[in-house]
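Take a look at this one chain, the form predicted alone, written out in structure tokens.
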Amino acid sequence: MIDLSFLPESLRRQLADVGQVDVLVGIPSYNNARTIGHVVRAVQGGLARHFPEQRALLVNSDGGSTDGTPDVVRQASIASFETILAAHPLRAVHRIVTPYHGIPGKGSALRTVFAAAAVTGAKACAVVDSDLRSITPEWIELLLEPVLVQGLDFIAPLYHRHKYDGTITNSIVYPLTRALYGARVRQPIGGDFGFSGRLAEHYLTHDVWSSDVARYGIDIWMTTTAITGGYKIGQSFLGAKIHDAKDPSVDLSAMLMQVTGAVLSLMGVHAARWREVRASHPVPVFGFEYAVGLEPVPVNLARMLERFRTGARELGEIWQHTLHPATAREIAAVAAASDEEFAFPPALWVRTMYDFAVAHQHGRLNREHLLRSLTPLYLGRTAAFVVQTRESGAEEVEQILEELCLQFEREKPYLLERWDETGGGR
């Protein structure tokens, strides 16, 4: 039974007035007045061009913006797209702007979108970030069409990104999720997804909405829940994702803690499932991949190395309680190496992440302290990746990341052994 009691009465009335729809697009937002107008127009243009016969609903789930974001949504129109539209909509695109209710975070916003899909009976849904600068009307087709026409339940985005953009995804989230659950979903926390109405209803049956997973890790929760639930999943190539990429040497510790904490928490929930997975398999890709121009991402290698070595000096006690003794010794040797000889081997990084996963599950250390202590190690591994790939093109970089993923898969027996010997398997 789906509990929709959290929906405010005013929103229920609006949804009742709209009635049944075929497709629904949600845009979570918070102080995105500068960019959301473009996103809304791209969504409306995509619905008009590619789904002119479908009854459509656009839901902006806003988290209390103070910069006029809801007003921009109300005022946005598809007028600027008229010159490129192949067909005008045969049905109006309904718009609802609503504040989301619950704890702050994207999870509460998406819960509202899922509920709107359930109430209106939407067959195919999508959510897109409100700060996108590279979204086009074609994104809407690529996120909705595999669901509406091909019968899939979950569509993850597939982007081309600069080699130093998305380092948390590349070094932790993608290889770990792939090794655990067996599905090669390249961007499991991409932020822009398509999903079926039945999957939206399934999401609503889970009691996660007051948890840190909903607050900070809703994207990886959506992906993991779709995979472990046995739903039909795919990916759509969307081109470039242009957003405000950050130098990985700056302070990403909060993001690293939040995302990694969500991934490791989900490991505990789904341990019975991932224990049986022994290899990974490709996931269908929709759309045609093509070369795209990418904005450069600056990196400060010296700062990353300094923070890694500072961590090795100051966090040794926590690492000794977290890491296998052999792993701790190897990391100490890496920290002692000169800049010219610096390397953080993939196998060592994999064992490090598996040791942290076990420590997170076992709970002997405070989880916040544990995750904070991961930041210098992540920066050390990222620094080694930068050194290794300074002269590498996109294809070579992707092959290096593929080898890292395979290393996560090969080392899975190590994870299982440590998980069981420390009590994580109980």
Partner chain sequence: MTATFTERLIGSLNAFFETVLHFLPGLLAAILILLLGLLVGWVLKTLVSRLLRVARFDRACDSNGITQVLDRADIRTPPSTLVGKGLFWLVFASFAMAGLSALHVGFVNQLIAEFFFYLPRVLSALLVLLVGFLLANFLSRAALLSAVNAGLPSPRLIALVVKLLILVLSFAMALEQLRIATSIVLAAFIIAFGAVMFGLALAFGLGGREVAKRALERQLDTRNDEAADGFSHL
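Numbering follows the first chain given and starts at 1. The structure displayed is predicted, hence computed values, not measured ones.
One more form of this protein, predicted together with its partner chain, exists but is not displayed; see below.
Of the candidate stretches 352 to 360, 121 to 129, 273 to 281, 312 to 320, only 312 to 320 has residues with heavy atoms within 4.5 Å of its partner chain in the predicted bound form. Shown alone here, T169 lies within 4.5 Å of its partner chain in the predicted bound form, counting heavy atoms only. Residue contact with its partner chain in the predicted bound form: F51 places no heavy atom within 4.5 Å of it.
Looking at H38, you'd find every heavy atom of it more than 4.5 angstroms from its partner chain in the predicted bound form.
Residue contact with its partner chain in the predicted bound form: L365 places a heavy atom within 4.5 Å of it. Comment: its partner chain is not present in this chain, but in the predicted bound form one of S211, N300, T225, S134 has a heavy atom within 4.5 Å of it, namely N300. Residue in contact with its partner chain in the predicted bound form (any heavy atom within 4.5 Å), chosen from I400, A394, A33, V386: V386. Candidate site formed by L24, E138 and S236: none of these residues places a non-hydrogen atom within 4.5 angstroms of its partner chain in the predicted bound form. Along 366 to 384, a non-hydrogen atom within 4.5 Å of its partner chain in the predicted bound form is carried by N366, H369, R372, S373, T375, P376, Y378, T382, in order along the sequence.
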